[in-house]
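So this first bit is one chain, no partners, the form predicted on its own, shown in structure tokens.
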Amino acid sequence: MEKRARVLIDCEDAKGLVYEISKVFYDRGLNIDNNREFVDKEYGRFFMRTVVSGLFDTQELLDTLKSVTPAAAHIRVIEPEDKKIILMVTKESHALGDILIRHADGELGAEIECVIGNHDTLEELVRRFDIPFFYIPADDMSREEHEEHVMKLINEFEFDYIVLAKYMRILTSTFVKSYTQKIINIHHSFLPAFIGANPYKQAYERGVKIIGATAHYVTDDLDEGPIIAQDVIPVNHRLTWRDMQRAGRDGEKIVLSRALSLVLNDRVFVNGNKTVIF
């Protein structure tokens, strides 16, 4: 039976890679529906995303591709299907609400396994969409104790990504390292500027002319993980920092949605502390 797959290759650059990889597809009679490639010349890394269709055995295709690429090549052959995500929230509803509506309309491209909140403020909203909501309060617990409860719950689910939809707590190194390149955050600032708390007030006090939003992978370095998507909104001296905050929330949900679409469609490669996006 004919099927499609996304072939993702990240490896050391070498002469003739595109030819060798394309020959693997040709020899199996596969059609190349879409292809993008990029070479990071500074670090000598090769990136390729190809969509193929035809008759093939996934494991055999993967093994053959490994045989024609450099050692330690990172290769994935992914047959497209909806991925699974877990959402983490605090009190702000705009990013969460946008994701819930996209999911209800069939536009998200993912199944939401559950929503986890460190407050119960958003439980009623989530329940309206028939999605499980789990409230894990952080009061009277250390950060480590709270995260132990959260991780225990998370690990009961099969999932591809954890999405911080305005989850307003700093995650510990233990948590982040447990889900490397699986945590996506939306930050209410045009990173790397104005990191940390209340960036809109920081931006207002600095007299900026643009504000923005940044979606990125979470790493141990606060708000400094590889950036997936960004956007900016023009502002001027007439706006208070709260006006900027209100305007920024629209930008946040749009940028997070854009980032999720890229990730869920396997268009993002992590390249050190940067990303390659096809």
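Position 1 is the first residue in the sequence shown; the rest follow in order. Only a predicted model underlies this, so the values are computations on that prediction, with no experimental measurement involved.
Beyond what is shown, the protein has a form predicted in complex with another copy of the chain; the following relates to that form.
Contact annotation for residue 113: none of its heavy atoms lies within 4.5 Å of another copy of the chain in the model of the complex. Another copy of the chain is not drawn, but in the model of the complex it has a heavy atom within 4.5 Å of residue 274. Among residues of the shown chain, residue 218 is not one whose heavy atoms approach another copy of the chain to within 4.5 Å in the model of the complex. Not displayed here, another copy of the chain is approached by residue 30 to within 4.5 Å at the level of heavy atoms in the model of the complex. Of the listed positions (97, 132, 80, 109), a single one reaches within 4.5 angstroms of another copy of the chain by any non-hydrogen atom in the model of the complex, namely 97. For a residue to qualify, one of its non-hydrogen atoms must sit within 4.5 Å of another copy of the chain in the model of the complex; all three of 37, 224 and 230 qualify.
Just one listed stretch, out of 99-107, 160-168, 141-149, 70-78, contacts another copy of the chain in the model of the complex at the 4.5 Å heavy atom level, and that stretch is 99-107.
Interface residues of 1-34, taken as those with a heavy atom within 4.5 Å of another copy of the chain in the model of the complex (partner not displayed): 15, 16, 18, 19, 20, 22, 23, 26, 29, 30, 31, 32, 33, 34, in sequence order.
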